[in-house]
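Just the one chain here, laid out as structure tokens, in the form predicted on its own.
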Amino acid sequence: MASPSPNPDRLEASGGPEGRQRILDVAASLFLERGYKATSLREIASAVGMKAGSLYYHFASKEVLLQAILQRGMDVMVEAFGEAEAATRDADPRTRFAAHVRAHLAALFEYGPYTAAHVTTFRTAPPSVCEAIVRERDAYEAMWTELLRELRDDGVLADDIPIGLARLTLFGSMNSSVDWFDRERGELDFFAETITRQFWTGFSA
């Protein structure tokens, strides 16, 4: 949820990084809650405490604003993957896999609305936005493909399970949770372990 609006006069006067960051935070929350198409720049500016025209000082269009949000979401997920990889590189396969699942879910639920908005809005985003982000998105998916391939080479995953199908099934389980998982009613660690156990048992050799 968006945090309380700061002093409008201060935001109007600064026109700097603080105002830009505030716009990003509020827009990401509104895109997640209402959807990209249903949210206008005027509504975003009002929630920020900024005149509608002043928003264009930071972002030339709603498409440019969405692109910045989706890019931030990808950056968070890539960073989370890298941290999990560095922390568990020498661990056993299940521990390593579980760490990556936990990192992905943490990116969705613990680092603001940017990653969740990426999951919910990418498919319906304007083509220009998708084209600008798709390379980073594909690169992130390739990281998971390589991880699953390594697990298969280690004899953990069954040889007859296509890696692409395994990745899509796993992503479906994790990403769809932004629509229903309530952190106030369930622990993220337990949820991550549940997905890990389900995947590990279902696709194990």
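Residue numbers here begin at 1 and follow the sequence given. Only a predicted model underlies this, so the values are computations on that prediction, with no experimental measurement involved.
Although it is not shown, the form predicted in complex with a further copy of the same chain is what the next lines describe.
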Output flag, 75, 93 and 111 jointly within 4.5 Å of a further copy of the same chain in the predicted complex, heavy atom basis: no
In the predicted complex, segment of 158-166, 59-67, 45-53, 138-146 with a heavy atom within 4.5 Å of a further copy of the same chain: 158-166
4.5 angstroms heavy atom contact with a further copy of the same chain in the predicted complex for residue 197: yes
Close approach of residue 153 to a further copy of the same chain in the predicted complex, 4.5 Å, heavy atom: no
a further copy of the same chain contact at residue 120 in the predicted complex, heavy atom, 4.5 Å: yes
Partner proximity in the predicted complex: residue 32 to a further copy of the same chain, non-hydrogen atom cutoff 4.5 Å: yes
In the predicted complex, residues of 40-58 near a further copy of the same chain [heavy atom within 4.5 Å]: none
